[in-house]
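Next up: just one chain, as structure tokens, the form predicted on its own.
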Amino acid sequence: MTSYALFLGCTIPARQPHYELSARKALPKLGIDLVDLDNMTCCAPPPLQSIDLETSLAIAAYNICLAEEADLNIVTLCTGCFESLAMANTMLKENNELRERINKILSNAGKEFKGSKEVKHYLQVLMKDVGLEQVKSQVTNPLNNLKIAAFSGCHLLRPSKLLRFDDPERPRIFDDLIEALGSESIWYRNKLKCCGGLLRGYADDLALQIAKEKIVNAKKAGADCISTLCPFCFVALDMGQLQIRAKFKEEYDMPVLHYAELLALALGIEPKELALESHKIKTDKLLQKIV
């Protein structure tokens, strides 16, 4: 087993425990041990970065310091958390002057960023540490009948020079991991376009319109479901369909599943163990195709 410090962030424990549950059940089956560290705090996500970059870097670095003290690399589920922590990790490793300023702030909390650990999204762990062939070999319930519209969201791929996750214009890691489960990862119009999630609360009508466009495009392409990596994207596309129905009088009934949920199903974990009933758009018809 390879051990990682699990960084859950704020949104997943508060609003999407089914995401956490699926990851905790699936990843150990692939040799990934998830370690919970005490005193982890918010990742200081992109909105905070735009207000005060150094404050956001200090908060992110505080979490990395906890992992350094535990001698563990960090794995994230949330793409926003990945963006915040990985960006801070790279910037502080590569900029000595900036690291000194941030460490001066961290000293007030008795911490020092040393730059000794890595921050990885769990897809990176699956692709690079576990390996695509090993994932395929562990699949006991192949999702052969599913056409899946992959949606990675914005914060997994950009800023690409700092995150270094995948080609930001032609990403393949997510698609390859979907197809490792036996499914087809389909192309659909404006696949990389934002879901509108971060506009919610500021421009709700525009946010719903953008989400609707993504759902319509996936449905036109023949998708059985949309697969997400980001909790905000999940909210925009899952609960968003209820709001779209209320506002536009249009119903799409498009299931939205986190990749970790699909992975868990493909590894033979029973649906009743994954709290899929917590989804706003029911997954019953989808499960009939794979169970």
Partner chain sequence: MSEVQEKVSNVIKAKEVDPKFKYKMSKMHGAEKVMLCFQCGTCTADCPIARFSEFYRPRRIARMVQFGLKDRLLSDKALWLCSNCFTCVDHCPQNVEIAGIVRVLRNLTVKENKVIPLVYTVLASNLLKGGYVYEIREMHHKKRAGLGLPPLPKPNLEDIEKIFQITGSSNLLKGVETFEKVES
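Residue numbers count along the first chain shown, from 1. All figures in this text were calculated on a predicted structure; none of them were measured in a lab.
The next section is about a form of this same protein that is not shown, the form predicted in complex with its partner chain.
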* Structure fact -> Answer key: of 154, 173, 135, 125, within 4.5 Å of its partner chain in the model of the complex (heavy atoms) is 154
* Structure fact -> Answer key, its partner chain contact in the model of the complex at 4.5 Å (heavy atoms) among 139, 199, 216, 186: the residue is 199
* Asked: Taking 4.5 angstroms as the cut-off for heavy atoms, does residue 130 touch its partner chain in the model of the complex?
  -> no
* Would residue 115 count as a contact of its partner chain in the model of the complex, using a 4.5 angstroms cut-off between non-hydrogen atoms? -> no
* To do: Indicate whether residue 158 is a 4.5 Å heavy atom neighbour of its partner chain in the model of the complex.
  => yes
* Wondering, does residue 209 line up within 4.5 Å of its partner chain in the model of the complex on heavy atoms? -> yes
* Asked: Can you pick the stretch from 220-228, 236-244, 254-262, 32-40 whose heavy atoms fall within 4.5 Å of its partner chain in the model of the complex?
  -> 32-40
* Given its partner chain in the model of the complex, answer whether the residues 144, 164 and 267 all have a heavy atom inside 4.5 Å of it. => no
* Heavy atom within 4.5 Å of its partner chain in the model of the complex: which residues of 92-110 qualify? -> 95, 98, 105, 106, 108, 109
